[in-house]
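Here's a solo chain for you in structure tokens, the form predicted alone.
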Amino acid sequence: MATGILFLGFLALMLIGAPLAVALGLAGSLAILDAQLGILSVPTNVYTGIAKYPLLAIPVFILAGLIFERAGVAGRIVAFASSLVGPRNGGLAVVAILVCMVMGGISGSGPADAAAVATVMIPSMRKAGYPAPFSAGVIAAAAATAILIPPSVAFIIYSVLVPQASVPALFAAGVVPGLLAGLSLIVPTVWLARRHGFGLVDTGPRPPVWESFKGAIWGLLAPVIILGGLRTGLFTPTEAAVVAVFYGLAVGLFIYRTLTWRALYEALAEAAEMAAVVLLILALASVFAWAGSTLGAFDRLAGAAVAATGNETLILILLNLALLALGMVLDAVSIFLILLPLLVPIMQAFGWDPVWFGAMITMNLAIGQFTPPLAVNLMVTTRVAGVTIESTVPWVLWMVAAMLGALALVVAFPGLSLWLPRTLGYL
């Protein structure tokens, strides 16, 4: 009875439009009451759900990304990337993809990455002859690499929910899939630009390489400092987030001198709001997860799934299809919190590596960030471009297909994601 209340109650609350945090917390609480597990376990689990040291990195990395965005780092990286690519058919679109990948190594958030790059790139791409829906689709897809290329907020949450996978190992495991995902987008982008004649107006002067490099070097150094400090053991992932914030402040206030005190206040307020939403969901999801694990509901469901077909390849294919479908309607954090308690027993039953499993799931969710109807990244870029999400679909579908190809490689060859963490000694 309690198990039915847990799952059916959650589904019913979601169907009537209850916020995810409320649905998770209330369904878990009702199941605990029905099973007489002790109602005082609810506040205890709310506290323990977020009283985890790695979670401190989430609000701080969000703040770091917002500071770099307001400091004008994206514009300088755009100038440097443009100097390398040069004025050519499809060149600005390639620049947008490369800049998204670099900025993703600072923010760790797809929507934040999309906002920073779209604000700078879309006006320039419009002048160069790129249709706004195409530009919005390319940037939304490229910004999805932010949750793969470290530092990644998604990997931090996964590490908390799956303690067998450490944050440094996950960060390292995301590098190759992130690069594959980003580079895979260049192929359809260049092909579409040449086929439809996008960017033919892009014949402006090529920025000087050395001058633009000097302007962008401080932004380019941010991912190097974060990952280098983690690799050398100078600081933990949480401490790396703090280092990134103070580095961003130094760059914005004293080097570029573009970060105003008002902009800093707005960044602090926005980071607090974004982090509060994530942590509230995490806190109440812990009630749902504790109720399900204590009742044995997740293990029974996982056992039934494995018993239905012992074919590992089939289960892996069905799992990826389910994640892709869910990624279209739910955000990454929600999917982690809802599905991981169910998926971890399946992972353990087949002996899958938890680090590779985390990279695979996150890559699925990255695709969901720019696949309608939800497509949080597209919501950001279409707002900046002043177009509808529907108008981007003919272009976005090519990006989805390209990144699916990269996902297939990561699924078929786990070594692509595990090579770097093994080389660095994290596994």
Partner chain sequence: MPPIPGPEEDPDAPRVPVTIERALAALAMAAICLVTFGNVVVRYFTNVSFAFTEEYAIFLMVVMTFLGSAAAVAADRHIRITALVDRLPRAWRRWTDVAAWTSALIMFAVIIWYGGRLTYDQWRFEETSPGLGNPQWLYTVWMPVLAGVVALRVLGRIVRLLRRRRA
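Positions refer to the first chain, counted from 1. Given the structure is predicted, the values throughout are model-derived calculations rather than measurements.
FYI, the form predicted in complex with the partner chain isn't displayed, but the following is about it.
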To verify the annotation, which of these, Q348, T238, S83, T258, has a non-hydrogen atom within 4.5 Å of the partner chain in the predicted complex? T238
Candidate from I389, V46, I361, V400 lying within 4.5 Å of the partner chain in the predicted complex - any heavy atom: V46
Contact between L15 and the partner chain in the predicted complex at 4.5 Å, heavy atoms? yes
Please check if A96 has a heavy atom lying within 4.5 Å of any heavy atom of the partner chain in the predicted complex. no
L26, heavy atom within 4.5 angstroms of the partner chain in the predicted complex: yes
Does the partner chain come within 4.5 Å of any heavy atom of L404 in the predicted complex? no
So which of 121-129, 175-183, 218-226, 260-268 is the stretch with heavy atoms within 4.5 Å of the partner chain in the predicted complex? 260-268
Mind listing which residues of 377-408 have a heavy atom within 4.5 Å of the partner chain in the predicted complex? M379, V380, R383
